[in-house]
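Presented as structure tokens, the chain that follows is alone, the form predicted on its own.
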Amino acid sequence: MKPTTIKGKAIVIRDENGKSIDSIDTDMIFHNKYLHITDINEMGQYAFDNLEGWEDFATRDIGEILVIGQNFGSGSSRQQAVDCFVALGVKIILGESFGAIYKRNTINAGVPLIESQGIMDETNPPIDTEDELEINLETGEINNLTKGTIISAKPMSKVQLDIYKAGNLFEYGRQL
């Protein structure tokens, strides 16, 4: 069974001035010119290929926890915008808010999402790239082990946790 506490290194998506990049849509995550790719293992190399300043994302030491701003994954319902992160070993996506379809696709793929309003706000103790985080999916508690701070977030619902623990929506359905 998958763990309900995830520990890993953060990669925080900010612009060149250190500000949150909000409303990153699925075309910025995985550009439509790559939609012909069907092998999930090949998708990772194109993650954020269309996001200014992050075109080299796949070549960076990205860590396991993707930290993003508001309205992440808005736009189309392309599954590749989730699968490209899976291919790169991202274990969890932590953000202020998500596009509704992206949120559903990510959870259905068995990738946990945690929402925390103000996570990118500089008035909070900020999460920086390479900070070691420990995130409890059941309580929503985000423990920044590097800085010694704790941030509260919205925990995953029971059904979201059940889908995650099963591996994805299809495996969850087989258990019913």
Partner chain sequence: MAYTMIQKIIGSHSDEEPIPGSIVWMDLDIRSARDFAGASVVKNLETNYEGESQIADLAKTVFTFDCVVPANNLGYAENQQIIRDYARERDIKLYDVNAGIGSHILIDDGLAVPNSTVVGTDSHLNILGAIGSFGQGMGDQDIAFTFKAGRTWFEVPETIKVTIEGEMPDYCSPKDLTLAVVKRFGSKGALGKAVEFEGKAIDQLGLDGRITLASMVTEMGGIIGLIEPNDEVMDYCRTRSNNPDLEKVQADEGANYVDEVVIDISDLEPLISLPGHPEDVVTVRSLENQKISIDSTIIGSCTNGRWSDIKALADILEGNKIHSRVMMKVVAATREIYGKMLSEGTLQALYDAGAIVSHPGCGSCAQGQLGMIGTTEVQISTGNRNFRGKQGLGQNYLASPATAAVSSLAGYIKAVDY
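Everything numeric in this text was worked out from a predicted model, so none of it was measured. Residue numbers count along the first chain shown, from 1.
Although not depicted, the form predicted together with the partner chain is the subject of the following passage.
When the partner chain is considered in the model of the complex, only one residue from 142, 58, 51, 107 comes within 4.5 Å through any heavy atom, namely 107. Put simply, residue 103 is close to the partner chain in the model of the complex: some heavy atom of it is within 4.5 Å.
Among heavy atoms of residue 1, none comes within 4.5 Å of the partner chain in the model of the complex. The closest heavy atom approach of residue 169 to the partner chain in the model of the complex falls within 4.5 Å.
Taking the partner from elsewhere, residue 163 is found to have a heavy atom lying within 4.5 Å of the partner chain in the model of the complex. Taking the partner chain as positioned in the model of the complex, the only residue of 13-34 that brings a heavy atom within 4.5 Å of it is 23.
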